[in-house]
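One chain comes next, on its own, written out as structure tokens in the form predicted on its own.
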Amino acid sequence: MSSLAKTRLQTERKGWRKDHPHGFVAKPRTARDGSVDLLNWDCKIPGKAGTLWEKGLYPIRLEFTEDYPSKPPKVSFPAGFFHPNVYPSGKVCLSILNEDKGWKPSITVKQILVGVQELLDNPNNADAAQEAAYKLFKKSGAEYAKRVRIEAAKYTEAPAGFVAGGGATGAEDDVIVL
């Protein structure tokens, strides 16, 4: 890794640990040898309160190259994530992540994650990446909202102390969701 990329990512990591938006998670992966892999970060983005996405905590992966910060990282949700601006592979389509459009070397990990959070509830119709999600968004707001709620439910974490099955009746299918 070039010293510029390494230095920048170490600075980003240090800054994130001191100050990051509430509910967000961003940390470099641990390599097989136990060292920190600054080129690959696992992150989680909370859905904004008051939106269809609000109760989810969405996994994101940031993949940096040795050309960072001159070139943006690749940002991905899990494959198949439902959103008009997310390719079927999971790659996020967002102007600030496009080297030829809005990328600037001064953009931080925090700005990237907040930008992706904003994109969740505000799709960019001019830059669709997923045909099915885009068509549903354009055709029927109610059907799109229903499908988003299904997607969000996949990433909703159970409350602390939640136990599925083995409820008061002892039946395996006792499930209480608040």
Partner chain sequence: MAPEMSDVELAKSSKVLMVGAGGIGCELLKTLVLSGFEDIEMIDLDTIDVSNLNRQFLFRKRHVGMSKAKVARETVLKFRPDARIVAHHGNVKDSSFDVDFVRTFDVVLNGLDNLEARKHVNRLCLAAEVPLIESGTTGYLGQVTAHVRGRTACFECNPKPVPKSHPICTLRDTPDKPIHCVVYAADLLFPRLFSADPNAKSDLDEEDAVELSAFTRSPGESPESFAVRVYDYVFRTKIERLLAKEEMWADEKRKKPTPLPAFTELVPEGPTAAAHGTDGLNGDGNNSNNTMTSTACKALGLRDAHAAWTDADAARVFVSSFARIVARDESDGNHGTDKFDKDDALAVEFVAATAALRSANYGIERKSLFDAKGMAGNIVHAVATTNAIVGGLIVIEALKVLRQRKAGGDAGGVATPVPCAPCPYRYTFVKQHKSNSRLLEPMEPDPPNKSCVVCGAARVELVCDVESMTLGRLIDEVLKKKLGMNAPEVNAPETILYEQDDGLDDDEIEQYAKNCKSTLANLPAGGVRHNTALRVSDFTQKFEFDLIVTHRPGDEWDDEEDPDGYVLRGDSVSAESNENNAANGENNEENGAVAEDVDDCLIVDDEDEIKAATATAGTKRKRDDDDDDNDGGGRGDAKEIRIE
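As the structure is a computational prediction, the values presented were derived from the model and not from experiment. Numbering follows the first chain given and starts at 1.
In what follows, reference is made to the form predicted together with its partner chain, a form of this protein that is not presented.
Asks: Tell me which stretch of 131-139, 45-53, 115-123, 148-156 has a heavy atom within 4.5 angstroms of its partner chain in the predicted bound form.
Replies: Partner-contacting stretch among the options: 131-139.
Asks: At the 4.5 Å heavy atom threshold, is D67 in contact with its partner chain in the predicted bound form?
Replies: Residue-level check for D67: yes, a contact with its partner chain.
Asks: Would H22 count as a contact of its partner chain in the predicted bound form, using a 4.5 angstroms cut-off between non-hydrogen atoms?
Replies: No.
Asks: Would you please decide whether G102 lies within 4.5 angstroms of its partner chain in the predicted bound form, comparing each non-hydrogen atom pair?
Replies: Although its partner chain is absent here, G102 would stay clear of it in the predicted bound form, with no heavy atoms inside 4.5 Å.
Asks: Can you tell me whether D127 touches its partner chain? I mean in the predicted bound form, with a 4.5 angstroms heavy atom cut-off.
Replies: Yes.
Asks: Who in 23-43 is close to its partner chain in the predicted bound form, meaning a heavy atom within 4.5 Å?
Replies: Sequence-ordered list: K27, D33, G34, S35, V36, L38.
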